Ligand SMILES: Cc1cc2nc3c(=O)[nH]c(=O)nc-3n(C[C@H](O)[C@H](O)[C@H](O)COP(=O)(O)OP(=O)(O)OC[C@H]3O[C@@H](n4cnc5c(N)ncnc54)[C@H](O)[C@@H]3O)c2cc1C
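Let's start with one chain on its own, the form predicted alone, as structure tokens.
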Amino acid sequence: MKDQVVIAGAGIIGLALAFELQERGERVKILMPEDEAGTATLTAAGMLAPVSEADVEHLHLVPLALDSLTRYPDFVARVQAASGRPCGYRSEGTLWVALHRDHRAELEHLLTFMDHRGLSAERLDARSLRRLEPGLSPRAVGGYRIPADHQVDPRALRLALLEALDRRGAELESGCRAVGLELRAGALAGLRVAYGERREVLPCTRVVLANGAWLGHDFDGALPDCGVRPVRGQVLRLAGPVLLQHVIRTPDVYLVPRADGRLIVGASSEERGFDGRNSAGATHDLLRHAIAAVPEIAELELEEISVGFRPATRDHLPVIGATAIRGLFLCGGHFRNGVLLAPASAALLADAIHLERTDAALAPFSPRRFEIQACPNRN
């Protein structure tokens, strides 16, 4: 019998990979850190928007994102069936809204970019926008609808994955983080782990590091020089009556409605390291832009200010696949697309681990690209 696969990290990426490995008959052990503050999964709004994000994404990332979106309905159905829990998956699409002339110019630029990549959107005038969403500001001058953009509730999806994994016999090791490697003849022989101040060696021959912005941080091992760093994002969670049916985006803010009346407002983007404090300035800016788009938001309760760390590599592409160390895999650096890319990343890497054969779709994301040549900084 094959050794179990040990996965360090219990965000959407790590849990989705564990789920897909179980689907292929593999045994999995998941190392869950003692402190989940700042994890991208718990902060993420859950927009599945490869079309809306096409203008800011690397050319190689768009096909993977579209593939992952296509996988989502089946992925969610399997997770819900295995867990008995809903995942908050919705498919109403995104409405991009221009509130003034500058916004309109930015959206026209985005439309042109989408056309060049063969992606489509439905242009709407102000009246058509307000017919779909009566709560929009009367200042709205037009926009467009992207029906291909969907959403999921990352917190609900994470709980469903944990339940599904537990029901199927996965080992869930709480308060445990990976801190180094044990090698024998160039191959993985074990993983050094920490339980608070206590250190142990976990014997294993197959490991996936999927610990988000902490990938390689305070880790003793010869990992590829991916340069993973945290990019701080602040998100607001508001509560009250249901105001919207679609995800609303302007060039300044996004609004993601939940069925229970909660509204996610995001997001800031700051290079502040692992500083997890929220800021009054970011909160003010997010609320100001949100209320400009949907005035009734001013009446909602500010329920939560959450701060998370998006994991970004040096070239802003994820690392998914095998390293030079036999038995060691990476699955991280998904930046702001971790929730969107989870189904494809998990399925493709699970196949690579289980079948010991890597799909060509993962070639642009190989961790070994950082061992072969320097990658330009795309900041």
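The first residue of the shown sequence is 1; numbering continues from there. These numbers come from a predicted model, not from an experiment.
The discussion below concerns the form predicted together with the ligand, not included here.
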Within 4.5 Å, heavy atoms only, which of A140, C87, A267, L165 is in contact with the ligand in the predicted bound form?
A267
If we test each of T39, S68, T323, S52 for a heavy atom within 4.5 Å of the ligand in the predicted bound form, the one that passes is T39
Is it the case that W96, R130 and P257 all touch the ligand in the predicted bound form, with a non-hydrogen atom of each within 4.5 angstroms?
no
Just to confirm the contact call: exactly one of 174 to 182, 277 to 285, 111 to 119, 198 to 206 touches the ligand in the predicted bound form at a 4.5 Å heavy atom cutoff, so which is it?
174 to 182
Decide whether W214 counts as a contact residue for the ligand in the predicted bound form under a heavy atom distance cut-off of 4.5 Å.
yes
Residue-level question: is P367 within 4.5 Å of the ligand in the predicted bound form, judged on heavy atoms?
no
Evaluate F329 for contact with the ligand in the predicted bound form, applying a 4.5 angstroms cut-off between non-hydrogen atoms, and reply yes or no.
no
I'd like to check something about P230: if you look in the predicted bound form, is any of its heavy atoms closer than or equal to 4.5 Å to a heavy atom of the ligand?
no
Members of 331 to 366 lying within 4.5 angstroms of the ligand, judged by heavy atom, in the predicted bound form:
H334, F335, R336, N337, G338, V339, L340
